[in-house]
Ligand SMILES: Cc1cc2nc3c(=O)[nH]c(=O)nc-3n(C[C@H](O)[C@H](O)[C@H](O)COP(=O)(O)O)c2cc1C
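First, one chain by itself in structure tokens, the form predicted alone.
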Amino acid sequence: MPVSKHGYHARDMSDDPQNDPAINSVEDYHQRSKHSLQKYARGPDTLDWNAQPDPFRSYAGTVRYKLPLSARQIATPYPDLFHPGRVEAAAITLESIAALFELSMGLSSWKVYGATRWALRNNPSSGNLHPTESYIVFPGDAALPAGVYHYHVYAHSLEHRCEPEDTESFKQTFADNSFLIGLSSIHWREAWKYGERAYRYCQHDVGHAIACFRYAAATLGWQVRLLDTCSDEHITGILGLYRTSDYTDVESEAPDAILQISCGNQDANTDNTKQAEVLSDMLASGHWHGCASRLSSHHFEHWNVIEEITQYCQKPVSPIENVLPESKPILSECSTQLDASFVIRKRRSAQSFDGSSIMPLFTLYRLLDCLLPRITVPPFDVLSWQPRVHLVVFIHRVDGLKPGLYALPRSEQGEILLRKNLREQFDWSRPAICPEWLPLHHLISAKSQKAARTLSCHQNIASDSALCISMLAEFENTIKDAPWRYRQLFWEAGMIGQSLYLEAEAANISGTGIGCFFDDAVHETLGINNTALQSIYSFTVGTAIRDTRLVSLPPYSHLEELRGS
């Protein structure tokens, strides 16, 4: 395959999709990374604890800009996030940027059990391993000079990676009152524990991170848009990920996404490819600083398949989709009066559920209603494409609904696909009491706890909750059109998961993402016998049992010592 200027392989476009190596590689990876009732996807034979990755990357040799802990000062009520125009846009300052990062990628607490201590973050991660790194590309002001910065989570600081040579020209590449956020993944962090399936989990985490930035921005009255037209090569150039001298003998970072943050209205029709090209070229001649820290002392195992799928999923420049979501009534009202910053910071992944609590019907409908995309309503207004991920819900205990299976297609095309590929016996009836615009359909009545537990790698969290969700992606048509969109299927699923996390917290219950499930056993249960739809993520919601053995400490108490105060 031809190689780009930043070292990435360009996709070999074939007239025959069946002979397209990228499509074939995506299909092969997806099949080989499945768990089954007979065996799990290939992973490490044992965990090498001496090689456990450092959860915090830093860049030695950079100037650090300390960020204030300003999230608690944001008093935006959680329900206001979902009413366009209700939250007045904050000015772009060091304090508001600090709050954006704190509420998206920052620490939420420290947990202590005996002699063991570990950090939790506002953004969820498979295994709490956090492969996602974040950056800000900023035009510059009196408090923060122009350039590219890496967010150091532990230090709650911005590390100045690059200064543009011509700061005035650099500034002119940005739309008014805007800046960019860059996301990348360190695949090794997940592969250390999960082996070949780790690439999936990294993409889930990108989706969680995108949604985290969207919710955090909403607390400030800001808009967010995924710049979906620019290529991975552009992202690599803008973030400096191609600079091999800065990553000598350390774990590399793969480009994921660029987000535009704005405190004004955004034009969804804007093609940002030119901006990305100009920034990439401009920063190539900038003044770069710092070398990435090594995360593991050694790598006991090397996962070639992850490197291969990374190359075959490289995103090229793509046209604007600009597909507006189907018209829907205003989102059903949220009953909580909690501040959004509090809801975001108290999010936790439940480790166990009580197995008895009944979810109110209103709570279920609000949970599901939040998963339907709406214009200027977070988090799905970030995306420019129609939903490609749809839900099958295992209802265990919801007041007013029969236990069993239900479907929630998130688009009209999705409903057509589900009806065509799920079991013919499913009745597709509407619950007697259900908002007209909420496309929830009863499939079959049954006690579903045992099936949900078995399908979720025999985990009790799938059966002791009030409900368990299987997310089905439009797999075949998506990768046939563009194999790199395989990643985006997981992003969308991760964003759904983040919405469920926050809505559960707002309702004073809890959620947990489930990455371990038996893929084809899920398909068999639902009657899926092809690859038109594929299960890519699961989620469970209910009343959590709190582990009283754990001690919680404030998230940034360590900064007093770190900053010498």
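For every residue, the number given is its place in the sequence shown, counted from 1. Being a predicted model, the structure only gives us computed values, none of them experimental.
The same protein also has a form predicted in complex with the named molecule, omitted here; what follows describes it.
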Residue contact check: Arg374 to the named molecule in the predicted complex, 4.5 Å heavy atom: no
Any non-hydrogen atom of Leu500 within 4.5 angstroms of the named molecule in the predicted complex: no
His396 within 4.5 Å of the named molecule in the predicted complex, heavy atoms: no
Proximity of His204 to the named molecule in the predicted complex, heavy atoms at 4.5 Å: yes
Answer option from Cys516, Ala521, Ala532, Leu69, heavy atom within 4.5 Å of the named molecule in the predicted complex: Cys516
Contact residue in the predicted complex, from Ser285, Ser297, Asn128, Ser357 (heavy atom within 4.5 Å of the named molecule): Asn128
Non-hydrogen atom within 4.5 Å of the named molecule in the predicted complex for each of His208, Arg347 and Ile461: yes
Answer range among 478-486, 410-418, 216-224, 119-127 for contact with the named molecule, defined in the predicted complex as heavy atoms within 4.5 Å: 119-127
Residues within stretch 534-551 having a non-hydrogen atom within 4.5 Å of the named molecule in the predicted complex: Tyr537
